[in-house]
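Okay, so here's just one chain, in structure tokens, the form predicted alone.
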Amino acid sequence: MGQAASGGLTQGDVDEVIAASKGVFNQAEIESLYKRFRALDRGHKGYISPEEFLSIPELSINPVAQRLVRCCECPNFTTFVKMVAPFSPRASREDKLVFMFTVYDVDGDGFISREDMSMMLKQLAGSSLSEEDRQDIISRVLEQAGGAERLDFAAFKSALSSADLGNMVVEVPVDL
């Protein structure tokens, strides 16, 4: 596969992971992500356990951390990179929306239903919203999205057409 790049990745491995990330990460960023992945994979198993995943400080404080872990349980390095790729400043709006849709589609049926929205609102707002308030918010969202009882990806994308996704970014530190 070629000479080993930093930390045990061959150039072929790096090229493969760059392609899997749709080119949003360069070689230096892939190598930096690999170092982070190896540090998280405390048992050197080749994947990150849910507990290891939740040890990421930026993730552990996120109210939907458990949902993110369930979306991608025990990722290997390539899956890990695919999961963080939508947070690259070079990721497309479409890729960011696909990631968000996957997170909000709790039951994985290809639609964001009232139940999916209710579960996500519970995780995001905790006990600060009553069940009645949650249902009111969900009804307004669905009404604004055309009155359907659930959203497919096209409706989700349309509903977020004016949303600013500029803060959906995590910079990958690169050792120089």
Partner chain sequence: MGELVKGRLESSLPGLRGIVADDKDQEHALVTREGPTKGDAEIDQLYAEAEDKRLLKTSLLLDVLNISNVLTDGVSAMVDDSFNKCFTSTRPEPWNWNIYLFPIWVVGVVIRYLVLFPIRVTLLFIGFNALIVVFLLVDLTLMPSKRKMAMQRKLVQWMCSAWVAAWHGVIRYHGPKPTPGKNRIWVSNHTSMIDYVVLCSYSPFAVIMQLHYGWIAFLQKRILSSLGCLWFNRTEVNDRAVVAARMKDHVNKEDAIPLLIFPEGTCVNNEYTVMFKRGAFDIGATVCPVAIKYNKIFVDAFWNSRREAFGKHLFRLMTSWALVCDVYFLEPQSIQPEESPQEFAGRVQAMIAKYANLRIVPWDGYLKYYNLGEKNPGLIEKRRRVLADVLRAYLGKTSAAPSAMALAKEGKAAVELQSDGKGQKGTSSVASAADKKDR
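Positions refer to the first chain, counted from 1. Here the structure is a predicted model, which means the values were calculated and not measured.
Not pictured, yet referred to below: the form predicted in complex with its partner chain.
Does residue 140 reach its partner chain in the predicted complex, with heavy atoms at most 4.5 Å apart?
-> Yes.
Does residue 154 reach its partner chain in the predicted complex, with heavy atoms at most 4.5 Å apart?
-> No - in the predicted complex, heavy atoms of residue 154 and its partner chain never come within 4.5 Å of each other.
Proximity of residue 53 to its partner chain in the predicted complex, heavy atoms at 4.5 Å | Heavy-atom contact with its partner chain at 4.5 Å: present for residue 53.
Within a 4.5 Å heavy atom cut-off, is residue 8 in contact with its partner chain in the predicted complex?
-> Residue-level check for residue 8: no, no contact with its partner chain.
22, 28 and 115 all contacting its partner chain in the predicted complex, non-hydrogen atom within 4.5 Å = So, no: the whole triplet misses its partner chain.
Taking its partner chain in the predicted complex, which residues along 15-48 bring a heavy atom to within 4.5 Å of it?
-> Heavy-atom contacts to its partner chain in the predicted complex: 33, 36, 38, 39, 40, 42, 44.
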